[in-house]
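One chain comes next, on its own, written as structure tokens: the form predicted on its own.
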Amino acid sequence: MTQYETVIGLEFHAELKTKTKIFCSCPTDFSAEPNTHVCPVCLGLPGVLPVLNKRAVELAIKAGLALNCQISHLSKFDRKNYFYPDLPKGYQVTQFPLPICTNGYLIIKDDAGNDKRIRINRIHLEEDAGKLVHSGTTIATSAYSLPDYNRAAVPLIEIVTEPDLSSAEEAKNFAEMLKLTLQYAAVSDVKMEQGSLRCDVNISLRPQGQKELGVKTEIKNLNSFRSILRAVAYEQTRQTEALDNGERIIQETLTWDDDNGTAFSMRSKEDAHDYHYFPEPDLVPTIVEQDWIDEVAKELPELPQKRKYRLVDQYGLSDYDASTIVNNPVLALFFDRVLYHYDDPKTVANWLLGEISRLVKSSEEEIEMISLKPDDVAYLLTQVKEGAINNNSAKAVLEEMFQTGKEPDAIIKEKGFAQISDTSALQDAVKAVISANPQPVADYRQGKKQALGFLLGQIMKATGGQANPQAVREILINALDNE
């Protein structure tokens, strides 16, 4: 594909994390029975009046701040008129000329691993459409579809990038960073498998060096990072082969069949569709004062890119470890809470990515459901550091903490895990092992240093693994070298 340059723009629809819909009090629960969370307002019945959900506006502002946007002090809603079975009103209430957020950006990694700024043209508020439940696996294999309007009028933000992306990998990287940023900001639950974050990809090819954009196609409703990656790669290949064969690219909307790894046409977009936008007459313009923006800004946590820089630059973690922690907001919060009580970032990261992650996976428990208390984990690590318990015993204590919820101190006492550091007791153990193993002792004194490891193992075995390894080593070497 070296003779062509790929140009990609992305559009994301993210459902906002509100309890009720954007213009009525119907709940936004995902798993309700079809058509049970509806009312005359969200169904668009005659004579009803919408009332704007203030929290939806706040979350849109929050998303804009997290994505480095300018927040508009004046925005308004419009009617976008089109007819489709999942749109009960026959129009969608959205924002067209005056969106709530503009001119943002997000930094991702390009194909060479360098930072690349992807511009965000706008973020606008709108209501979601309903959902068509297909009789088959996909729309293409279905004999019929039935509308479920529970999702109709759930508050959405649509995030529209500039055509700044150049590859399938960059598109996936942007989607991953956008999802993580919205998740950190607590704007949306971003569950792509449930449709609360959906992606449309606009893609075109042009000869290398040409400034004019090629004819674009749009792939709708991609709901996983894998689908974004595969769909863009597929369309790159398809358009390349068509151009190489002298064919004309048709501007059209495509749907993606993830099972077969192919896209097929839904409708042509050769002519610009006229949605007959006009101002929503039942909603006044939205005024956002600077004080309101400042208050919303105070709700923003440390965002993923800044957090990663802190973990790498300030705490000295590897790029891999920092990325693994940051890529899961729950893991990142747990890390900081343990670190508050135990100031050793590398040790905390090692235990979090090692034993704690192992326990979560082995129990088939989601990492979001970590049952351990951060201060208990910090206490356990402190006991290891101070020599009160050895590393292997600490792992056993951690596992019981995870399984039972008991406090570490109680487990240590109950199981007899307290490390033996008493010098006289350790000296007696060392003398007994030296007396019982004359050949390894002789080997050591003849320069065979590996014999030391055998003797250390015998002492640890004799003390039930509870001896302080460092203290034992010092006492053993002193005894061997000076007797």
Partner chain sequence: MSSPETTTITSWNIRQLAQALQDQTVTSVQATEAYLGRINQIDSILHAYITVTQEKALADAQASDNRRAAGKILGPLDGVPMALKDIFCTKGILTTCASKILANFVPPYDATSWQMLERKGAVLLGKCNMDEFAMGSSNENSAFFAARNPFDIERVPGGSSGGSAAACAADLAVYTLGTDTGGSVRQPAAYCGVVGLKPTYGRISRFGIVPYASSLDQVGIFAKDTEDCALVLSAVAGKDEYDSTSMPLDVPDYTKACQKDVRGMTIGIPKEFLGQGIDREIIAALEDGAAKLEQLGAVIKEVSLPHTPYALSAYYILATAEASANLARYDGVRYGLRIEKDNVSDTMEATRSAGFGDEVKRRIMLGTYALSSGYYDAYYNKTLQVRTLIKDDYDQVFAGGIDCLLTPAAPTTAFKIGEKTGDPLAMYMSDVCTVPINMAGLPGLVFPYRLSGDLPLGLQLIGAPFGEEKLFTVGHALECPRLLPRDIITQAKKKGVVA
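Values in this document were obtained by computation on a predicted structure and should not be read as measured data. Residue numbers count along the first chain shown, from 1. C-alpha atoms forming the largest set that superposes within 1.5 Å between two forms make up the rigid core.
Just so you know, the form predicted in complex with the partner chain exists too; it's not on screen, but the next bit is about it.
**Q** Which residue among P88, P163, G195, P329 has a heavy atom within 4.5 angstroms of the partner chain in the predicted complex?
**A** Selected residue: P88.
**Q** Which of G405, P281, G261, G354 has a heavy atom within 4.5 Å of the partner chain in the predicted complex?
**A** The residue in contact is P281.
**Q** From the candidate stretches 427-435, 444-452, 44-52, 58-66, select the single one in contact with the partner chain in the predicted complex, where contact means a heavy atom within 4.5 Å.
**A** Among the candidates, contact is made by 44-52.
**Q** Against the partner chain in the predicted complex, would N81 count as a contact residue? Criterion: heavy atoms within 4.5 Å.
**A** Result yes; N81 sits at the interface with the partner chain in the predicted complex.
**Q** Taking the shortest heavy atom distance, is F174 within 4.5 Å of the partner chain in the predicted complex?
**A** Although the partner chain is absent here, F174 would stay clear of it in the predicted complex, with no heavy atoms inside 4.5 Å.
**Q** Would W256 sit within 4.5 Å of the partner chain in the predicted complex, counting heavy atoms only?
**A** The answer is no: W256 has no heavy atom within 4.5 Å of the partner chain.
**Q** If you check in the predicted complex, is E386 within 4.5 Å of the partner chain, heavy atoms only?
**A** Contact check for E386: no, nothing within 4.5 Å of the partner chain in the predicted complex.
**Q** Rigid core superposed, CA of T237 - does it shift 2 Å or more between the shown form and the other one?
**A** Not so; T237 is displaced by less than 2 Å.
**Q** With both forms fit on the core, has P147 moved 2 Å or more by CA between the shown form and the other one?
**A** Yes, P147 moves 2 Å or more.
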